[in-house]
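Take a look at this single chain in structure tokens; it is the form predicted alone.
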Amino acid sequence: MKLTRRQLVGGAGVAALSGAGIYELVDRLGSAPTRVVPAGVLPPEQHVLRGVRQVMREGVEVLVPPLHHQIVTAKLAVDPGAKSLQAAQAELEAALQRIESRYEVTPAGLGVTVAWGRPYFERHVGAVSSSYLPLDHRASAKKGKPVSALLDAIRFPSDPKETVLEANDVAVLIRSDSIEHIQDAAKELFERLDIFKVMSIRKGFAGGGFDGGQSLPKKMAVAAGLNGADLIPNDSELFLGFTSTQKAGLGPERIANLETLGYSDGGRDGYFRQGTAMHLSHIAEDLEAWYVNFDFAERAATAFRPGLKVKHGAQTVKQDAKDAVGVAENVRDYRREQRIGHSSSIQVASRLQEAVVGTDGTAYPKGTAIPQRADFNTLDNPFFWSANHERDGMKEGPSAGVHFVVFTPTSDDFHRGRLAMDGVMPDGTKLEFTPRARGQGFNSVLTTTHRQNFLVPPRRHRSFPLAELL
């Protein structure tokens, strides 16, 4: 029996922050993996989680993500003016430090990432943000004018016109194997402080099943009564059936920093060095269409690359640096089969096209992945809770989807990869597709409902960045 919105949420308003609804099943249906807790100081990057477990799955090294995820988007509930912002800055930083005093910044403990949108920088710290926000050197050189490392979100060719381009001041990503840790952090930040007006609450899960038995997404989809749930492979890491956290397919620890690849210098005085850009979107998934209309061979070709040999029923496919392809290979695939793969198309932007020595002195070989993904499956429809039901299109009952979260060096870097997924390559090559065509990767079974870009400051400036300079 399908759940109602009331059963799904289990609460309303800010109270929904600490309510779990159907997501309480995550702890009943899956168990937290064993984690190694690293010693040492906190990483200067907010977006970096340490102590992430690595396992071998079908001969491929895979990273095990935290089980529970929650994202809260908000606008400021702070009086305008330097003194009010600086007081709020001190309050938020104190709350974040209290959380860190209780939990290690690991999946077994708690990871909190505070990201800020363009509305915050323009409306609240505009007097200084124009001179401190980092520029994207690569995009600026291509366009012949200054381009910010933080761009407004755009609709891509395969996005419907209804896709909401959001304008939140802040988004907070909270990750842990423990739902109690997440609830504690949400209360600390959004119930005990009165500096935010919550706009949406988004919840979900990832992983499970790495140690055998039925996977968490399969169990959750079946429990929610989703159409097509019975077709999800028993050991699937995600609803769509293929593992997405291959170690070689995710960027190394510092590569997504603004400054590492030289895409940006981190802004004036290096204020945002060791920060990154974050894209957040909600994507609805048509599970029934995916499993009924695509046989396994076509699902593998769609997820990875046409013609790639994948053992029938395999879920984890090798994605090493040497396996990455460029524009020429995608053009050949398109001309031969009128199809491009999801991984192969975005690799023209998501993988290094040549070897690079980063500003941190690390040598990154050709084919190294750049983005660091933190996406997770959800039953939200489209959100767990919304302050604006009509605008956000809130519907009764659970629905298969993913809250897509990815860290890249700049917003333009994400845009390049997402455009390539639509056949628009970074070098200007355009592969002509009808929007949402079957041959266009995942796009025929995915529908993006919301998008926004954010800037993630380094840990030292995570609380109301630039407010102290007003």
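Start at 1 with the first residue shown and count on from there. Nothing here was measured: the structure is a model prediction, and the numbers come from that model.
From this point on, the text means the form predicted in complex with protoporphyrin IX containing FE, which you will not see here.
Worksheet entry | Candidate spot 53, 67 and 205, all three touching protoporphyrin IX containing FE in the predicted bound form (heavy atom, 4.5 Å) | The answer is no; none of 53, 67 and 205 reaches protoporphyrin IX containing FE.
Worksheet item: Taking protoporphyrin IX containing FE in the predicted bound form as the reference, which of 137, 342, 268, 75 has a non-hydrogen atom within 4.5 Å?
Response: That would be 342.
Item to complete: May I ask you to choose, among 168, 106, 243, 215, the residue with a heavy atom within 4.5 Å of protoporphyrin IX containing FE in the predicted bound form?
Response: That would be 243.
Worksheet item: Among 278-286, 143-151, 383-391, 169-177, which stretch sits within 4.5 Å of protoporphyrin IX containing FE in the predicted bound form, heavy atoms only?
Response: Of the options, only 278-286 has residues within 4.5 Å of the partner.
Worksheet item: Hey, in the predicted bound form, is residue 89 touching protoporphyrin IX containing FE, heavy atoms inside 4.5 Å?
Response: No, residue 89 stays farther than 4.5 Å from protoporphyrin IX containing FE in the predicted bound form.
Discussion item. Is residue 433 part of the interface with protoporphyrin IX containing FE in the predicted bound form - any heavy atom within 4.5 Å?
Written reply: No, residue 433 stays farther than 4.5 Å from protoporphyrin IX containing FE in the predicted bound form.
Practice prompt. Tell me, yes or no, whether residue 373 is in contact with protoporphyrin IX containing FE in the predicted bound form, where a contact means a heavy atom of each within 4.5 Å.
Written response: Yes, residue 373 is a contact residue.
Discussion item. Taking protoporphyrin IX containing FE as it sits in the predicted bound form, is residue 350 in contact with it (heavy atom to heavy atom, 4.5 Å or less)?
Written reply: Answer yes; at least one heavy atom of residue 350 falls within 4.5 Å of protoporphyrin IX containing FE in the predicted bound form.
Worksheet item: What residues of 435-470, in sequence order, lie within 4.5 Å of protoporphyrin IX containing FE in the predicted bound form by heavy atom?
Response: The stretch touches the partner through 442, 446.
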